[in-house]
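Next up is one chain by itself, shown in structure tokens, the form predicted on its own.
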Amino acid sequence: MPVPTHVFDPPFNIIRCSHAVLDVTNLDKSAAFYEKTVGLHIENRDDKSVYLRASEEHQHHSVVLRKAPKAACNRLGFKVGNDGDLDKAAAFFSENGIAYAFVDQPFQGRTLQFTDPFGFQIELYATMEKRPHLLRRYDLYKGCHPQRLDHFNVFAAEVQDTVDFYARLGFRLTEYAEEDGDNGRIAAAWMHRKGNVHDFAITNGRGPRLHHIAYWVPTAMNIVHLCDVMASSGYLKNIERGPGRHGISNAFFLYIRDPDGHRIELYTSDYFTGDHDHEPLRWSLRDPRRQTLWGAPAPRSWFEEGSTFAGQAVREPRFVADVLVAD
């Protein structure tokens, strides 16, 4: 299937992925997990929401936990270049029949929310309240010492169309997994704005659903340490996959599940993709190294389970990818 062409003059300028808003059923339990086990820092909280960030981040929050009757992904957030980009985005959505609204969000400047044509609920902003980064506050480090939010990965029912849409917005393809043969279909794509492997990964499956959010950690040993922390704090069963290394992105990874089942990846060791002529790397869908360069194969839950988007119906994928699944 077609590999999108890099668009260097998109209709508005998205800088990077910024934050996720997750609905959780037990706010206190979830907040404790993200703070004490994973190692994020609570910046603000009330009886309805908790705002957390990682050590390297100047922004007020990179994950928001919202108390709700049902667990879901509420929004995925991206930072744009300046306030004018929000107006450019609104004009683009108007021209393309995409509903949007400007809303007030705590600790953020003017925020534009929209639902893309495939059901992913997104918000864009240009400014967020600043906080001193905690990079050298080693006395505050907990868990695996997460440094910054790195990317989102979603299940999309229409992978090719979703990839094409985000390519129009300036997302550049770095790696992709494709069926073999003349009419092979793209089953997964890794797309970026900030110059590493991905800000937004799009995976074939029942969608729209969130597969995971990912935080970058300093070293592989931080990931190993998190395994020890989870094993000794009652969360051993919440380790879903890893540690191991992907062929895709070269990531040293661990996948864990929070108390509501939202999936979080902790990872390190990807690479630079900022050159304007960086060529996408193709992986055969039958090459086991793309999922697992080494380590235990991915369990079935990793392929099938994800967080729904609040209020969005989940659709079956246009095709079923023939992937390798551990028994």
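Numbers for residues come from their place in the sequence shown, where the first is 1. Predicted model only: the values in this text are computed from it and were never measured.
From this point on, the text means the form predicted in complex with another copy of the chain, which you will not see here.
Although the partner is absent here, Gly295 is a contact residue: one of its heavy atoms lies within 4.5 angstroms of another copy of the chain in the predicted complex. Proximity of Ala157 to another copy of the chain in the predicted complex falls outside the 4.5 Å heavy atom cutoff.
Proximity of Gly81 to another copy of the chain in the predicted complex falls within the 4.5 Å heavy atom cutoff.
Proximity of Asp258 to another copy of the chain in the predicted complex falls outside the 4.5 Å heavy atom cutoff. With respect to another copy of the chain in the predicted complex, the three residues Tyr271, Gly274 and Asp277 uniformly fall within 4.5 angstroms at the level of their nearest heavy atom. The listed set Lys70, Arg300, Arg286, His58 contains one residue whose heavy atoms approach another copy of the chain in the predicted complex to within 4.5 Å, identified as His58. This chain is displayed alone, yet in the predicted complex one of Asp87, Asp228, Glu95, Asp164 has a heavy atom within 4.5 Å of another copy of the chain; that residue is Asp228.
In summary, the region of this chain contacting another copy of the chain in the predicted complex, judged by heavy atoms within 4.5 Å and restricted to 99-107, 250-258, 202-210, 114-122, corresponds to 250-258. Counting a residue when any of its non-hydrogen atoms is within 4.5 Å of another copy of the chain in the predicted complex, the hits in 118-147 run Ala126, Thr127, Lys130, Leu135, Arg136, Arg137, Tyr138, Asp139, Tyr141, His145, Gln147.
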